[in-house]
Ligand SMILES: NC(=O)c1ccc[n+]([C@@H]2O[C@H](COP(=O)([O-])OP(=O)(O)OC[C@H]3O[C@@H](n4cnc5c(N)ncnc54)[C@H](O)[C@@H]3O)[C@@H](O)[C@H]2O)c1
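The chain that follows stands alone, in the form predicted on its own, written as structure tokens.
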Amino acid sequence: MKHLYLIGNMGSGKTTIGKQVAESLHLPFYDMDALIEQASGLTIPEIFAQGGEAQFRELESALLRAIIQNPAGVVATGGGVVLSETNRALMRQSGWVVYLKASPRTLWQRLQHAQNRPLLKTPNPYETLETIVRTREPLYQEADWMLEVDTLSPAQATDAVRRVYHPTPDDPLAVQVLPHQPSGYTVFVAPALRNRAAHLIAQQCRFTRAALLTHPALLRWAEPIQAAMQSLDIPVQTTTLRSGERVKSLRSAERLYTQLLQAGLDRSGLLLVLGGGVLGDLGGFVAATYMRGIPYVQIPTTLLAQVDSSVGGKVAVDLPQGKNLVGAFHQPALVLIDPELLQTLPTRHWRNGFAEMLKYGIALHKGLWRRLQAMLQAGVLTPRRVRKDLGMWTLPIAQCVNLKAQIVSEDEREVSGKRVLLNFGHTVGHALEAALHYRDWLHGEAIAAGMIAEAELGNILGVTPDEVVRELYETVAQAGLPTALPSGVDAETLLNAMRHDKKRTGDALNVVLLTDIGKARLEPNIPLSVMREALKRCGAS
């Protein structure tokens, strides 16, 4: 178990919430400001008065290095601890970082009468506070998780932080997708969550009977869920399909329609999908189209499906001409993510999902990107092996889900253009999969090479800086993922596949390009000739 670092501006509740979280989890509590005062024999205002902020920051950094050596506990940091890049790296290497975000108005309500805040001893303290909040926000955003506390009581905030740090089947981490909308739903995340799957499904969904779709190799997980649902007097029929991208076809969908009819499912039925991304896409497509739509639940069993395809409601099957060309938007009724289901996953498939996690980080969230780099530096994932320590994986998985949920909630059907940012690496990646006939390379491997190619494309166009391309390349390579296109695949074959891409405009492409670490934008009307040059940079013939 690692430390839990609470960061945020002065007045955000780090000490109050930290004490309560530590007590509830029976962990030590470390209040950095109090420990600095204790060690120096001076109050913080006195330290500022004698040595200025610089001296205080030195004491703060020294204390952080000492805390790292202590037993795992809850750490309430000072508001400015994030100003040091070294401090941010130390916290990331030794624990999880949760940002308690409060608005300047909320902070001022709590601080306006305080006498122990030396940074606010200015002619206009509220304006100073606003400046501090604005300046530090990008640094706080590098946290592993952000919790908005303006409307939360201390008890509510404590419960929320505890679920982030230590989710359990009875008290899982919950991410809301499309909140307050008719198609909204919850994604629950916790190890061993499968043991409560039947009860959560019965509690969250309205249906009379169910069909469970899975792979033969996953029956060990499916059968206990089926038995638990039947113990709740819910009839369930299990159907199995083989694995592999080739099963994601209209022919497979037709076969499933027949089986659902034979099982007696009508519009009051529910389809439960226990499997990876291919089965989730296929099952979701069947649920979207069977009797004009029935509810479905996703229990993803691969890292790729847990961090990406199980959330967002984009369901589809493939055609020979390309991937996901026949599909729909059909949101699940519920998603249950149990990282323990990944324990038997081969190392190659962990890397497959890790590629999508890298995509979320490099394109959307610098904090996640730094977390994934820290995992690589710690040897959690190497080209040869993976450490299946769920304590290292659960929160990064949840953060990917959280990022996707935010984007889907803003742009469910790719109308505003925000959701298209999730496609970084996919224009080239999908073309590569089609060129390889969905064999030899896994989806994440194709996306990894696609990210490199699209970063090179951005570099050619002057959008993606050299250092971003280099950092992406080095991180993808460290993960043991492809950094170049496979030999024997020529640029014209890939460009031909891209002509079937849904993001194409005439003879030009619309491609998501990186502008910085954690930032991307859609670049329209990119000529195929420029894409050809980028592909050749990455080894295409």
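Given the structure is predicted, the values throughout are model-derived calculations rather than measurements. Numbers follow the displayed sequence, beginning with 1.
Beyond the structure shown, there is the form predicted in complex with this ligand, which is absent from this document and is the topic of what follows.
- For the three marked residues, S243, L345 and K404, a heavy atom of each sits within 4.5 Å of this ligand in the predicted bound form.
- Note that among 274-282, 190-198, 154-162, 251-259, the stretch whose heavy atoms approach this ligand to within 4.5 Å in the predicted bound form is 274-282.
- This ligand in the predicted bound form comes within 4.5 Å of no heavy atom belonging to T77.
- Using a 4.5 angstroms limit between non-hydrogen atoms, E356 touches this ligand in the predicted bound form.
- Looking at S309, you'd find a heavy atom of it within 4.5 angstroms of this ligand in the predicted bound form.
- Proximity of R351 to this ligand in the predicted bound form: non-hydrogen atoms within 4.5 Å are absent; the residue sits far from the partner.
- Proximity to this ligand in the predicted bound form, taken as a non-hydrogen atom within 4.5 angstroms, holds for one residue of R117, H330, R92, H215, which is H215.
- Proximity to this ligand in the predicted bound form, defined as a heavy atom within 4.5 Å, singles out one entry of L432, A398, A453, L304, which is L304.
- Residues of 318-336 placing a heavy atom within 4.5 Å of this ligand in the predicted bound form, in sequence order: K323, N324.
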